[in-house]
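For reference, the chain that follows is the form predicted alone, supplied as structure tokens.
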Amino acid sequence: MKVTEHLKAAKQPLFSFEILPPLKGKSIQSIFDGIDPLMEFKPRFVNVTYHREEFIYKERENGLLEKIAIRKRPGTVGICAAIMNKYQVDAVPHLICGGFSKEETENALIDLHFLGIDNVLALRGDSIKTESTFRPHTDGHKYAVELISQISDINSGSYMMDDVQLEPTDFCIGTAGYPEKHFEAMNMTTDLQYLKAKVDAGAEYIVTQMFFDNKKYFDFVNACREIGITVPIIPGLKPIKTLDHITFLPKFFKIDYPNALSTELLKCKNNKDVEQLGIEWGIAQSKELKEAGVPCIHYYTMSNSSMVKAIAKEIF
């Protein structure tokens, strides 16, 4: 069932969450251990992130360096299939531009279609650690709007493999939105224009980057509506968990803490204090969003469900 169908059928805000594939070498049980505690809240869909390969340089006997690709986490497609089989809940795999050629993207979509997975979240993806800026695959997409256009083409039956007759797919395409703008955008106006281009290309719903000030989300939704973006906009939340998050999250995700939250964070002396504050703030955010009638509240768990469970108990 498509994400948009779930949203349309819902009589109150839905609960959903995102997980990471396990580190290489861990079993699928590590995924299930993170999902099991959240199933009581009846999620309609679960997002599974994709982590592209990274590179290391190994010195050879002749003194030259050899570039070696490594992958720290297993693929998303198989994890989605396992989740759907075990829980009978829709899984939403992330598809990214980085590291994929257009042909590899097409093959991934064919595999997803074959498995009965009819939702995808189309993203550009981040640069890898060895790159100062994002670099697309030489035969791939540079922007998410291009990836969305390819998925839309396949939905209409237009494949790169034009020598083979393949049936059209019917993927529900989601995309990302940034209430505090994408860090590479010149300003909020241009960022919204890019977002509208993604919707015009075929994106049917938006999931936002994390935010800690609900006003930023409400202003973002209003700005989207003013320029003609009418698709559902799902707020994405992540509870603060550790002292490191106090500086890491704003730095890495280019977001701000509201004054009320930053004041309380400065009082925290250890991780336990931060975690308790993160739960309390997440509950307050979620209550306000639910009362405002958002279509769904989406939580970034990082495969650690304890804090999200504590929040969800008070909301759902």
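Everything numeric here is computed off the predicted structure, so don't read it as measured data. Sequential numbering from 1, following the sequence displayed.
There is another form of the same protein, the form predicted together with a small molecule; it is not shown, and what comes next is about it.
A.B. asks: Quick one: which of 149 to 157, 220 to 228, 241 to 249, 92 to 100 gets within 4.5 Å of the small molecule in the predicted complex, going by heavy atoms?
C.D. replies: Stretch with heavy atoms near the partner: 92 to 100.
A.B. asks: Would residue 15 sit within 4.5 Å of the small molecule in the predicted complex, counting heavy atoms only?
C.D. replies: Residue 15: no contact with the small molecule in the predicted complex.
A.B. asks: Could you confirm whether residue 208 comes within 4.5 Å of the small molecule in the predicted complex, counting heavy atoms only?
C.D. replies: Residue 208 belongs to the contact set for the small molecule.
A.B. asks: Taking the small molecule as it sits in the predicted complex, is residue 202 near enough to touch it, meaning that at least one heavy atom pair lies within 4.5 angstroms?
C.D. replies: Flag for residue 202 set to no.
A.B. asks: So, in the predicted complex, is residue 121 in contact with the small molecule at a 4.5 angstroms heavy atom limit?
C.D. replies: Because a heavy atom of residue 121 falls inside 4.5 Å of the small molecule in the predicted complex, the answer is yes.
A.B. asks: The small molecule isn't shown here, but in the predicted complex which of 180, 213, 106, 191 has a heavy atom within 4.5 Å of it?
C.D. replies: It is 191 that has a heavy atom within 4.5 Å of the partner.
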